[in-house]
Each structure stands twice: as C-alpha cells, then as structure tokens.
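Shown here is one chain on its own, the form predicted alone, set out as structure tokens.
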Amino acid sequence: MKGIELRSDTFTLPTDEMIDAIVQAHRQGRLGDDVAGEDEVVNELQDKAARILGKEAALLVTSGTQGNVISLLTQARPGEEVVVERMSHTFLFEGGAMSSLGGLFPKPVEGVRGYITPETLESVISPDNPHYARTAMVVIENTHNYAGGVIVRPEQMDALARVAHDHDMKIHCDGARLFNAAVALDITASRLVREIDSVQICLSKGLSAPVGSLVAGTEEFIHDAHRVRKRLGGGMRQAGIIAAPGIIALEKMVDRLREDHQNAQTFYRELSGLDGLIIERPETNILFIRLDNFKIDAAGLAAELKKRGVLVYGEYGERVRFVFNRMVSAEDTMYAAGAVREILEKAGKNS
C-alpha cells in the first residue's frame, strides 16, 4: 500500500487518458523520428506550448534540468557569468551542470523570498573590464521551490527583465511550476514570461505527465537549442509517446492545480494554531514548516510520519517540505495535518 505522497509533485502518476493518448498516437500512425522533425505528436505539443507561453517556438526536452541547462548553454558562452538566486534549483540542484558542461560561472545572490530584485541585479553586474567575467544572463525561478512555492509576480518579472536587457543580458525563467503561479494569480502563463527570453516548463510535476519538459523562446533560440540538446544526448526518436501525455497535461491538467493550492491552504489552517510551530501561509502547492521549537528534527518527523503512511522528505535541516499534488485528496490532507499535530504534541517543545 502506497502512502500519502507529499514528498514532491514529481510523484504524480499519468492519467488513464494520457496512457490512452500514447496508444492512439501509435494506432493513428502519428509517431516518427523527432530528430528528423517527423514526429507529428511532438510537433503538435511544441506548437501548443509555444502558443500558450506566447513565444515563437518550443522544444521538447527530457527534464527540467536539461531544459534549464540547454537554455543557459544556448544563450551564454564559456567563461561568462550567470546570476542565480542562491537557493534556486539552477544553482543548488542541477549537479553544477552550467559549469561542468558549459563553462559558465554562476554568481549566486541573496533574493527576497526567492526573487532577485532589480537593485540586486544592478549591483552585481561585472564591469566591462578584461579582469572580470562578462555577466551574460540572469535566471529567475517561478514559482520558487525553496522559498515555499512563492510566486514571482508579472510586474516583478518585467522589472528584472528590463534591467537585464538594459545591460545586454538574457533572462531565463525556470518555470518548472510556472502554471501554479499563473493559476494562483488567475492570469495566463504567457503574461508571466512576456518579457523573458527563454522559459522552461515541466510537464511531469503537477501536470502529471510521466516525463518531459519544454523550453520556449524565439525561433532563433530554439534553432540553436536543438544543437545543444543533441550535444547533451537529448535527441529522441519516436518521442510522441512522451508528447502525447504532454498534450493532455497542457489541455486538461492546468486548471486542476487549484485543488492542490486549496489542499495546501487547508493544511496550513489545520496547523497554523499549533503553539511553537513556525509555518507560513502557502501561495501555491508547497509549504514548509520549521521545527526550531520542538524536540524533534526534520528527519525524525519524516520517520514518524512514514510510520503513519505519510511520506515527506526529512533532509531540509529544521524545515520539512510538504508538496500537494494530484495524488493527495482533501481527506489525505486532513489526515496528514492530524498526524503532524499528533507527533509534534507528543514530541513536546524545547524548554
């Protein structure tokens, strides 16, 4: 029996309709060699994603990490700097790919709830001097995972893009959960990335496709991104078996993200009154709690929750992350909140 899966929205399973879409794509003879540009389903997905994101073109890639790396390597040259928020996925959780694969130099900066302010970006752009690496790009993560699923508003995105472009820099959005931000704000995803040069979206998190991400931008960017994808071993053949569920994800799984946000709010309300617990109201589907005041750490809480059938990661020090997703019902949410409360009350507070 599987537990209540709150470790990540990457654990979402594809819907029956997604699996059926794979079969139908095969039966209809729509699969082809994507490296040759002949998989009709991949082409449909890429065209659909480009329209949704308000960009000229899009490219199917294997993962969000690959999409981010491709975007950076396509738009910056070896030896150049990329400004990143110090707790961002691109900096912390991509195996140093921008440096090891692209010779790019990350310049981490402190964000405000994950957001690199325009003033901060201005202050860290290197002088036009041969002693310094040229500052070529800035990466913004929306929503920002480590900040707690925080949304970067469209006006914030625009302001950061203006500074980047004023300094002849590119700006990339790690939009693995961009649709969570769009749904929470009740705006289009294209509005969020209107001034952004490149964007990566993930199909296999809250949108529940089994695998795959997309990058989008200008036709010139995507043309060059094809070459980088090939260099990284990302050229796929009958990739329509990935694209078919991705089409369903974009068409039918975006609006339902509201349910995940609602469950996160319910979880917050159930625990916000617990004396000593440090908890912030979630903006989307991610919520962190801090255990500074309790006689149990994150690993201990994760272990106790697992005994009760609730799965979370216990590797965030004194913080524990809960990620609400399609596999977690309203009833599951209430049960998980009750389990957390029971464990913390039993553990007791620090004196």
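Residue numbers run from 1 along the displayed sequence. It should be emphasised that the depicted structure is a prediction, and the values quoted were computed from it without experimental measurement.
Another form, the form predicted in complex with a small molecule, is not on view; read the next lines as being about it.
This chain is drawn without the small molecule; in the predicted complex, the residue among Lys170, His226, His89, Lys107 with a heavy atom within 4.5 Å of it is His89.
Exactly one listed residue, out of Thr120, Gln238, Gln265, Asn145, brings a non-hydrogen atom to within 4.5 Å of the small molecule in the predicted complex: Asn145. In the predicted complex, the small molecule sits within 4.5 Å of a heavy atom of Asp174.
Mapping the unseen interface onto this chain, Ser63 counts among the residues with a heavy atom inside 4.5 Å of the small molecule in the predicted complex. Residue contact with the small molecule in the predicted complex: Glu81 places no heavy atom within 4.5 Å of it.
In the predicted complex, the small molecule sits within 4.5 Å of a heavy atom belonging to Cys202. Residues placing heavy atoms within 4.5 Å of the small molecule in the predicted complex fall in a single listed stretch, namely 63-71, out of 290-298, 307-315, 63-71, 24-32.
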